[in-house]
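What follows is one chain in C-alpha cells, specifically the form predicted alone.
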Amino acid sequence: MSGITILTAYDERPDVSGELVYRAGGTDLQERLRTTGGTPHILDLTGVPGFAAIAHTDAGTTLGAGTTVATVAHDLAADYPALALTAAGLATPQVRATATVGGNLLQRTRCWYFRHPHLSCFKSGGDSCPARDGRHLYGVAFDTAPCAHPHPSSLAMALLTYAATVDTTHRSGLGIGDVLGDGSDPGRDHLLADDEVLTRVTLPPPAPGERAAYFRSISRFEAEWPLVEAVCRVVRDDAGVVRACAVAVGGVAPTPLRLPAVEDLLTGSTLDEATVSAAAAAARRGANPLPETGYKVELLEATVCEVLDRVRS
C-alpha cells in the first residue's frame, strides 16, 4: 500500500491533495484499499479519549463510535438484546473484535462493481449503476433508489428498532435515517460531510422485560454477508400481550427498514401462530424486486417469520 499516508488524531492536519479518510477498526477500509488500489491519506482515530467508551445514565446509554462490535455483543446483552444479538451475528470473532460501531454504520457498499478497480458506478464517481444491466443477485428487493445494492450495516438496522440517535463533530441528535438517508443520492452511502466524524450513538433507557431475536439468511453456514436479515424486539405484559414492539430488516433496500405494518399486527397480540404468519406476510408489502432478486421477497417473509417465532418461544 505504498503512497498511503497514515496520521493520528493528534497530528496537525497536513496540507495535502487527495482523499482523506478516517480509520477506526479499519476492517472495511483495508479491504477497499486492497480491492480498489486506492492510496488515500488516512486519519487514525483509535487514540481519541472516550472514542470507545460506554456510559450509562438515567437518560440512556451512550456508545463511543469506536466501541467494538464484540463489546456491544457482550456488554449490552442484558439491556439491549436486539442490538447485542445483531452484533453477535456479524462476520467472524476476529472481525467483531476489531470492527467498530461507527465503522459498521458508515461502511461502504459491498457491491462488486463499486469495489472493482477498473469499473465505475455512482458511488465511485460515475454516472450509472452497472449492476442494473449486469449482475445484481445480491441487490435490493425494494427498488427505490438509483443504486441497486442494499446498505450493508446490520447495526444500523438494529439501532432503528431502538430509535437511537447519533452525534457527530458537527451535529447532535441525528436519527439513523438522517445519517444514512434514503438512497436518493446514489453517490453516497451516508450523508455526513467529508470532514464530519461520527462520535457517539445514544440508546434510550432499557425496556424492562424486553425480549429480542435476530436472524440472518446467508448463502453458507457462517461468516457471510446476509441475503436478508431481520431483528425484532418486544415487550409483553404479564398476560403475554405485546405492548410494544419494533421490527427492522436489512439486505433488501437502499437502507435498513423498519416495518410498521408488521409492528401494527403484532402490537396487542399474544404472538399466536396466525398473527405471526400474517405479520411475516406483511413484511413483503411494497417489494418491487429486480430481475435477479425476486427470491429475496420470499426469503424476507421467511426470515421475519423465523425471527418472530424465536422471540415468542
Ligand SMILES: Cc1cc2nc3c(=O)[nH]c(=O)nc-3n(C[C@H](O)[C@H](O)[C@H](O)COP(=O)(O)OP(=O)(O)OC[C@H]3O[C@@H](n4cnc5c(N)ncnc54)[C@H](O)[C@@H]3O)c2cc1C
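Everything numeric in this text was worked out from a predicted model, so none of it was measured. All residue numbers are counted from 1 along the displayed sequence.
What comes next is about the form predicted in complex with the ligand, which does not appear here.
Comparing 280-288, 23-31, 255-263, 53-61 against the ligand in the predicted complex, the single stretch with non-hydrogen atoms within 4.5 angstroms of it is 23-31. Taken together, A158, C245 and E273 are entirely out of contact with the ligand in the predicted complex: none brings a heavy atom within 4.5 Å. For the residues A91, L119, L203, A213, the 4.5 Å heavy atom test against the ligand in the predicted complex is passed only by A91. G103 is the sole member of G183, P81, G139, G103 with a non-hydrogen atom within 4.5 Å of the ligand in the predicted complex. The ligand in the predicted complex is approached by V197, whose closest heavy atom lies within 4.5 angstroms of it. Looking at W225, you'd find a heavy atom of it within 4.5 angstroms of the ligand in the predicted complex. Among residues of the shown chain, A99 is one whose heavy atoms approach the ligand to within 4.5 Å in the predicted complex. L174 falls outside the set of residues with a heavy atom inside 4.5 Å of the ligand in the predicted complex.
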